[in-house]
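Single chain ahead, written as C-alpha cells, the form predicted alone.
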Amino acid sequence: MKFRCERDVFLEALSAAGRAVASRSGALPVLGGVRLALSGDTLKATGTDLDVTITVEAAVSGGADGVSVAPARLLTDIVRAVEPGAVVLEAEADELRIASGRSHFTVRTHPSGDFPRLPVPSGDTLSLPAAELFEALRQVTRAASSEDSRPILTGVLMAAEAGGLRLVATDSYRLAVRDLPGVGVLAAGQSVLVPSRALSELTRLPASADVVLRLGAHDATFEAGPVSLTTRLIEGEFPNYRQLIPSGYPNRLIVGREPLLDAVRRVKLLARDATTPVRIAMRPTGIDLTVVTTDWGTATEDVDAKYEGAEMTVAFNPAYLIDGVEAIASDEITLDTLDALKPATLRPTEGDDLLYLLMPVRVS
C-alpha cells in the first residue's frame, strides 16, 4: 500500500475513525489500531471497539492498493506533529513508513487479517436532517447512564410517535424527552434502543445536510457525508418513562436561562462532594439558591424570576440541574413542580418539543 495525502485531510480522517478505537484493547491488541484500506485514490480509515465502528473516506493520491492496521494513537500523534503539507505513507509486511518533509517514521503494524470483519450496513435507507437531529441528540444523550451495570439505561430510545420521532434517555435520576415533529423514520409503533455513546460520537462528525440511517436487525448505521458510524443496538425493554411524567403541576417558575446557570455554577463551587444538593427556595418575586456544607461553609444567591404557586424549597443535584438547563435553548425556562419530593420538569418557555425531568434530593 502506498499513497500521498495532505496532512490535515489525513489527520481529520484518523481523528474521526480513532474515536471508535478501543481505549483498552485487552486480549485483542488489533482493536487499538486503525485500519487503512486503499483502493485507487480512495482511502478508508476505520476504527472499532466491536460495539461502535467508524469509517471515514478520504481522497488521496494512490500509488498501490492495499490494507494496513497501524496503532491508532501513535499514528495520529505522528501525523499531527509533522509539518503541514503532503504526507507519504507506504506499508510493507509488518511496518508502515510515514514521510513528511524532513521527518521519517517507521511504525510496527498489526496483522491486517486480525482486524474484525467490518459490519455490512443493511436495511432500508432513511434520511434525517442532520442539524436538527444533532441538536436533539445533544439535548437527550446527557441524561443516559454511563454505568454498564444497567445496559438498558445506557441507550437512547428512538420511537415512532404520532407525526414524528421521539428520543428518550434516562439514568433513573433524570429523564430527557425530545420530539422531532415531521421526522418519520420509523414505522408506526416501532422503536429501537441505540447506545448513547454512539450517538454522542455521531454529533461530533463533520456537518452535512442530512444523515442517512440504515436500521438492521441488530445494528444501526448512520452516514454523514464521508463518514459512516455503525453501532450495535441494545436488546431489552426500555423503562416505561411515561408513568414518571406527572399530568399536571400546581407550581410554575419562569426564570432566565443564563442568570440561573451562572448562579448555580457559582454556588456549586462549595459543593465539593457531587452529592451535595443545591436548594431552590421559590417565592413570587424570585428564587434563592443555597448550598450548605459542613466542611466548607455556605453559598447563597438570589435570582429574579416569576413564580406562581405555594412557596416551597426544592433541592437538586447541581450537575444534573445544570445539564437540564444547558439542554434548553430558549432565553427563559419553565420549572414545574408538584412538591419538594416528586419529579420536577424543565421546559423551554416556548414550544413543547423538549422535556427534562429531575428527581429532587431529600434534604432535612
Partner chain sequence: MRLVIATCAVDYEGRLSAHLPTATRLLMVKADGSVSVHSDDRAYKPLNWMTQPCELRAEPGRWVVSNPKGETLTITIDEVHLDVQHELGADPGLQKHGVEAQLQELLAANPGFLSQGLRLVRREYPTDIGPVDLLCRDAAGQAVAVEIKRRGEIDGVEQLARYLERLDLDGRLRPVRGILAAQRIKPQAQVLATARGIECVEVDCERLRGAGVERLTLF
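In this text the structure is predicted, and so the values were computed from the model without any measurement. Residue numbers count along the first chain shown, from 1.
The protein also exists as the form predicted together with its partner chain; that form is not presented, and the subsequent description refers to it.
- With the partner omitted here, the stretch from 236-244, 77-85, 111-119, 91-99 that lies within 4.5 Å of its partner chain by heavy atoms in the model of the complex is 236-244.
- The three marked residues, R7, L14 and F105, fail to reach its partner chain in the model of the complex, with no heavy atom of any inside 4.5 Å.
- Contact check for V361: a heavy atom falls within 4.5 Å of its partner chain in the model of the complex.
- When its partner chain is considered in the model of the complex, L175 lines it closely, a heavy atom lying within 4.5 Å.
- In the model of the complex, at least one heavy atom of R150 sits within 4.5 Å of its partner chain.
- In the model of the complex, none of the heavy atoms of P348 sits within 4.5 Å of a heavy atom of its partner chain.
- With the partner removed from view, the residue among S127, T285, S146, T275 that has a non-hydrogen atom within 4.5 Å of its partner chain in the model of the complex turns out to be T275.
- Proximity to its partner chain in the model of the complex, defined as a heavy atom within 4.5 Å, holds among T170, Q139, T231, S228 only for T170.
- The partner is not shown here, but in the model of the complex the stretch 339-360 reaches within 4.5 angstroms of its partner chain through a heavy atom at L341, P343, L357, M359, P360.
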